[in-house]
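Taking the form predicted alone, here's one chain by itself in structure tokens.
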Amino acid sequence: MAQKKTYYTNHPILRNLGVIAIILLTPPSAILFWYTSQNLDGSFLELFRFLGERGIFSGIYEIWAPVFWGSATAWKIIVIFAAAQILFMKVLPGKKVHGPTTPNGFTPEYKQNGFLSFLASLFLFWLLGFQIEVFRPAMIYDHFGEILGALNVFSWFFCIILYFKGIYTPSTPDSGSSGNPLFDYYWGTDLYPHIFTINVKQFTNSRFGMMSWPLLLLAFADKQYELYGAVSDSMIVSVVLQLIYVGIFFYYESGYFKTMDIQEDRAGYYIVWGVMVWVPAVYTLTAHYLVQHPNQLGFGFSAVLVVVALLSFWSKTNMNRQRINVREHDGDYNIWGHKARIIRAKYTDNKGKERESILLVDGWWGVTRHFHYVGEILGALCWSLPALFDNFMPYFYVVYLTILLFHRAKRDDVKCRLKYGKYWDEYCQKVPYKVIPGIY
């Protein structure tokens, strides 16, 4: 039976309209971001003027049609990249780790070699692109619109495959249809699908979407060098901070397998298209914009951005480690010089079995319920600020991220209140704010 998502409206008409709107609006949005950054000086005002002169639909068609199906070069880049990531997933060493057991009793298993894959990807990209010069990294910038077009098409059809697979040959007991094909295509029909022994969500979310991010950054930096004969300190600061962020993600990849993205979101359009198209299109916007805007920041401003970002990354990582360590030690763990204060929350799973979780109300988790989101947002702001303030586009990601994380905090609150009941109410009394102390 399909899981009931209480954080989406249960009204069928409103839900269908929302799903249709997302499916129709997000693909052209990704293409418009690319086109605006690369051809309109990163100015949304120029984009609105362009669409106003030609008409919205005619303007979108004029932009999208040339790259809609991608190109032979774009498809070649995508296939080679995907094949390399699958190869790294399979052959690089790594211990087996497990995600949380699902309500229907399935325990997902992963091979923990994300950081090795990250290093191998960077090394191979550097070796082939900058040393042996098998390809020119800047060409990825030149063909980026075609790459996004091809990824759009691939993601649409891949989600269709996942839709039918989840209905007819599901990989886990946490699968099924809601009875609404449109919503099932959007949300997915299987929580942990596997294809030819490949964990689909680990591949799409982590090894494709997140791994494309650092390689695109390097390609964009190379394009700036090609255009101007040097890489600006603004590009260096922005790219280095993002590389550190992504490196931390892969170092603690096993922790990502315990997040809401993996535990709650099925493999449908919402998450698969998001990681395969939205991540490369939007998460790289600042570096993409900086290609044609080589600002010089100076040592002082650059140093401040780096220090603040590193502190933000540390706080986020330290907060996650506090919770993991407390749970691994069954609550017998010291935080900030004293034994951690916890709530032992009992709940009943789908099979009627009583279980217990530890809710940490100490350390960072005693400040707000999601204080690590502050570190994540602040870090993203630090790698966006090198673009300075001529246009809003370089800051779209940090605004989007803020909205996403605040919404995620709300979703988590709904889920935990349903799961833990009175124990969650007790936790909320002790930690009343979701993200920002005294505000939200």
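Numbers follow the displayed sequence, beginning with 1. Note that the structure is a prediction, hence the values are computed from the model and not measured.
Only in words, not in the display: the form predicted together with a small molecule, which the text now covers.
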| item | value |
| --- | --- |
| In the predicted complex, the one of Leu51, Leu40, Leu404, Leu381 near the small molecule [non-hydrogen atom within 4.5 angstroms] | Leu404 |
| Contact residue in the predicted complex, from Phe183, Tyr283, Phe257, Phe203 (heavy atom within 4.5 Å of the small molecule) | Tyr283 |
| Ile23 within 4.5 Å of the small molecule in the predicted complex, heavy atoms | no |
| The small molecule contact in the predicted complex: Tyr423, any heavy atom under 4.5 Å | no |
| Partner proximity in the predicted complex: Tyr245 to the small molecule, non-hydrogen atom cutoff 4.5 Å | yes |
| Proximity of Ser302 to the small molecule in the predicted complex, heavy atoms at 4.5 Å | no |
| The small molecule in the predicted complex: contacting segment from 290-298, 235-243, 115-123, 322-330, heavy atom within 4.5 Å | 322-330 |
| Complete contact of Ile358, Tyr397 and Lys419 with the small molecule in the predicted complex (any heavy atom, 4.5 Å) | yes |
